[in-house]
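This document starts with one chain, in the form predicted on its own, laid out as structure tokens.
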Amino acid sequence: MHKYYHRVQNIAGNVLTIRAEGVRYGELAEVHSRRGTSLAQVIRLKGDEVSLQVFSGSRGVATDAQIRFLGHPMQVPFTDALLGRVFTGGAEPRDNGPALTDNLIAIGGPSVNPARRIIPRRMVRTGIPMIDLFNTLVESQKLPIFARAGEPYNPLLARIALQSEVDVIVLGGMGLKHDDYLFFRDTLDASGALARTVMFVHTAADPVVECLLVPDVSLAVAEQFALAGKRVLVLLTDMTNFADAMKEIAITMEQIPSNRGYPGDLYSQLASRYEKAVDFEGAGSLTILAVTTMPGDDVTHPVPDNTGYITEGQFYLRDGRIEPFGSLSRLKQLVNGKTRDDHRTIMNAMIQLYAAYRETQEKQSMGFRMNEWDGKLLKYGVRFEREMMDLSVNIPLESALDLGWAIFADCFDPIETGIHSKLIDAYWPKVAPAAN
């Protein structure tokens, strides 16, 4: 039988402080007040002083509210019936469907012991050349998408959700505009991809504590699907909103701020979520792709700065494209040597020639005289940007490799590409195609 506490010591924002014993960090509680019953979560313990964040806000909660601790942390149901459904950050139905109450699992558990992990060995195909060809996404990898405000990172995530060759998509939205939430839901539904997707969505109008729950709820469900043998891709947007929610609560709790007001444990909080990415021996895998917006396009901002030390590379989204310079998948070498024997060569040659194209663009803008080689580079750069970098391009890896050879043949002589003659003999088009 659970004990009721009848006196609230302090109310600051949406945080209540009471005195209680035998309570655990992260434990759930029911707050009974004149407005009804609300859920709350323990967010700080200091001796017998317990601080709780009220999910629905503290408006209408007085100091005579009754509080009952439930004896367990936040839980989420796990069942195949989750697929095709949309929930709030607190795992309540957002799609007017029935509530799920069976097979409850705790969220926020520890990540897999590093000694039990296996080396990643399979790529996640997305149909996007700038990922598949140049910075291959690998199962169990954790990668952020760094983008400034206004970049189409949510449409990019939606395309990845539609096209990725995985079994289950878990989409976690934090601080989404209502239009962005509807965009994800309608896009996935119209394509049929919603049937393999679970969505946990916190909008900007929802209580801030639900924003903190989204990554843990999403990853707990994804982990269970992976243990059941599924290849799971977790898409999170936006981890900067998650960090801002932590900062807001830390300020309410009067914690000593760190860099730019963020809590001192920002790195640990981010790492505990990203480290959930894993490939289980004899089961499935869990891969994480998370948007991190950069305020003021500043990569030294605490959130992207800390993220870069945790993850295995990053994608930079600039001007509506995945930027080839700066973007990096540190695990790509584990898989791109097993795809096709020309994969690495095409990847390296195309990037080198694109870098030369960028230099030629600078020469042209400063009025330098262009020679024949510069003309070839300018022609190549235009085709590369239009047919490889444009995010609307949707082709399999093998078709992207063939397209790379076709672009080379249209713009250069074989010797000018710097590619080994053995691969030239095997893959160079016999008749150079006309430019598109």
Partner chain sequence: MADHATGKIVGVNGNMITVAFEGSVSQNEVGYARHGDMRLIAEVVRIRDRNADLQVFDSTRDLMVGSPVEFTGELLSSELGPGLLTQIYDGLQNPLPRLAEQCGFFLERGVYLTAIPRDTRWAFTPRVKAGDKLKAGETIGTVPEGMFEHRIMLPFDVDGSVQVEWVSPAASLTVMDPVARVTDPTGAKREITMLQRWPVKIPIQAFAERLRPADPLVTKIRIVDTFFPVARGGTYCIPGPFGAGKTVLQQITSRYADVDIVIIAACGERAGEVVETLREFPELIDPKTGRSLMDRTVIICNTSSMPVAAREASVYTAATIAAYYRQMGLHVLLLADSTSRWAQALREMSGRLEEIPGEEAFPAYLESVIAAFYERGGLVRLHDGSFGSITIGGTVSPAGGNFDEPVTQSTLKVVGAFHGLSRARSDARRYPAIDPLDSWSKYAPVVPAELVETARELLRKGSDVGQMMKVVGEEGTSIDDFTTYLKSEYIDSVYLQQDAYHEVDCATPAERQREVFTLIAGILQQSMTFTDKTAARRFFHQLTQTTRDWNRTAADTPEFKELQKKIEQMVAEVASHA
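Heads up, when I say rigid core I mean the largest set of C-alphas that superpose within 1.5 Å between the two forms. Positions refer to the first chain, counted from 1. Please read all numbers here as calculations on a predicted model, not as lab measurements.
What comes next is about the form predicted in complex with the partner chain, which does not appear here.
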Please state whether every one of the three residues 267, 280 and 304 places a non-hydrogen atom within 4.5 angstroms of the partner chain in the model of the complex.
-> yes
The unique member of 110, 93, 229, 261 whose heavy atoms fall within 4.5 Å of the partner chain in the model of the complex | 110
Which one of 100, 83, 356, 310 is close to the partner chain in the model of the complex, taking close to mean a heavy atom within 4.5 Å?
-> 310
For the chain seen here without its partner, which of 179 to 187, 195 to 203, 339 to 347, 253 to 261 has a heavy atom within 4.5 Å of the partner chain in the model of the complex?
-> 253 to 261
Would residue 395 count as touching the partner chain in the model of the complex under a 4.5 Å heavy atom rule?
-> no
Hey, in the model of the complex, does residue 314 get a heavy atom within 4.5 angstroms of the partner chain?
-> yes
Any chance residue 11 has a heavy atom within 4.5 Å of the partner chain in the model of the complex?
-> no
Is residue 163 one of the residues lying within 4.5 Å of the partner chain in the model of the complex, judged by heavy atom distances?
-> no
Just give me the residues of 101 to 133, first to last, that have a heavy atom within 4.5 Å of the partner chain in the model of the complex.
-> 106, 107, 108, 110, 111, 112, 113, 114, 115, 116, 117, 118, 119
Compare the position of the CA of residue 409 between the shown form and the other one after a rigid core fit and state whether the shift reaches 2 Å.
-> no
Threshold 2 Å Cα movement between the shown form and the other one at residue 16, rigid core reference = no
